[in-house]
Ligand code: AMP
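Given next, in structure tokens, is a single chain: the form predicted on its own.
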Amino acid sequence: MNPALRDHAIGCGGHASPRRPRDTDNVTDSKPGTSPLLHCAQALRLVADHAHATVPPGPPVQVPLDAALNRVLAQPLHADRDQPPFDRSTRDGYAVRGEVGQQPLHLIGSIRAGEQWTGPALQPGQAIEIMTGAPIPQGADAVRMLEHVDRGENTVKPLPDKPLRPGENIVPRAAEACAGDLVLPAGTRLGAAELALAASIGAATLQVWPQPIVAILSTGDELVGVADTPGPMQIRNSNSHCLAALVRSNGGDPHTLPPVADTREALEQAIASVRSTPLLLLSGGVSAGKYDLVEEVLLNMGAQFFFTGVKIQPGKPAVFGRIPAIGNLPAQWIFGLPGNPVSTQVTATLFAMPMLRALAGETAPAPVFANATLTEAVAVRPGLTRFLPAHMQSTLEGATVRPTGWQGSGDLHSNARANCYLVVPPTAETLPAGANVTLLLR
């Protein structure tokens, strides 16, 4: 039996996975006429250097606060007043003077969030009932927690062994920010926490950078559309849909072209049709085969390549370059991604998405890595940095990860069972169970 078919049979018969994942990106240490392969860290630094030098295309736009999720601030935000604007209680309890002792305190009133105490200043031996978020009344310098007293009809008695220091359970005025302080710098990607902060300072609308248009082009004679019925030797085009989803989630506006045949003329025409976009993502056609024409066509269009291969698996043939500005056409960043779908997603996550986030205005775009404990041993061939589909499970005690098992860089099923990639260093042959490992999050 053909070894590739035997491995497929193992996968179909159960959850067993080959101990040494096959390297299915068919490329040697360098492709003819191109530069040598870079180490993964070198390629990441090179993309980061170019990303940090980019500027977002187009002027800022104004959007409502609730439409700004995942956009990038073009103008900084400053506090419109002190935060908090008054000394604030952080607990339900009793505003008191931070005196030591167990004598009962006379209860003289109550104050809740949104109210201001209008009674006399608090005196020694007195207490005022207070709710979380309420302003501290004059004369009080601490809040005794509700759970730390015995309450009578008009008195509260501190429980023994519950000392109280002045300032305890109080956030002083302006402890978080003073009026006029910078609270969100330009270049910040707006998530839920950032939008909450913007709302707290009254930013009903925000100046954000426009979403970069990203052209997506999948190549290959074997590709048909998702709604089409593939022939016996054809496959549906999944890469364009994967890339479009990544582009949307990273702040871009995807512009997807139909699949393009493996001919110079078809490639030239398709690339020329999206030449005005700031970023072009191509999948397929970047290996060293007879019909891998992407680099040749891009070179003929004036492209400069910064790397034409990286010592990773999957994704070794990945290409990064730029077509300079010509006439009325702006410069265009280009990533040629290998056609196998897991290779496409890994290389897009590592290299293309940081550049997209830079074009969207983010100041420090980078892939996101994390650490977890490996639950089962992994063995690979050394020499490449490997990114294996894996599933991370996290609890209050920490995170663990296990490989999902795969049949190479075309295995969409394993990739869909994963929620991250296990990073295997190029010098490693095995990672033992229990090892602290690095993950590429997605």
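Owing to the predicted nature of the structure, the values given are computational and were not obtained by experimental measurement. Don't overthink the numbering: it's just position in the shown sequence, from 1.
In what follows, reference is made to the form predicted together with adenosine monophosphate (AMP), a form of this protein that is not presented.
- Only one segment in the set 230-238, 193-201, 87-95, 137-145 has residues whose heavy atoms sit within 4.5 Å of adenosine monophosphate (AMP) in the model of the complex; it is 230-238.
- For the options Q332, N340, Q211, T308, the residue carrying a heavy atom within 4.5 angstroms of adenosine monophosphate (AMP) in the model of the complex is N340.
- For the residues A127, V72, A372, L223, the 4.5 Å heavy atom test against adenosine monophosphate (AMP) in the model of the complex is passed only by L223.
- Among heavy atoms of G284, some come within 4.5 Å of adenosine monophosphate (AMP) in the model of the complex.
- Using a 4.5 angstroms threshold between heavy atoms, T219 counts as touching adenosine monophosphate (AMP) in the model of the complex.
- The closest heavy atom approach of E295 to adenosine monophosphate (AMP) in the model of the complex falls outside 4.5 Å.
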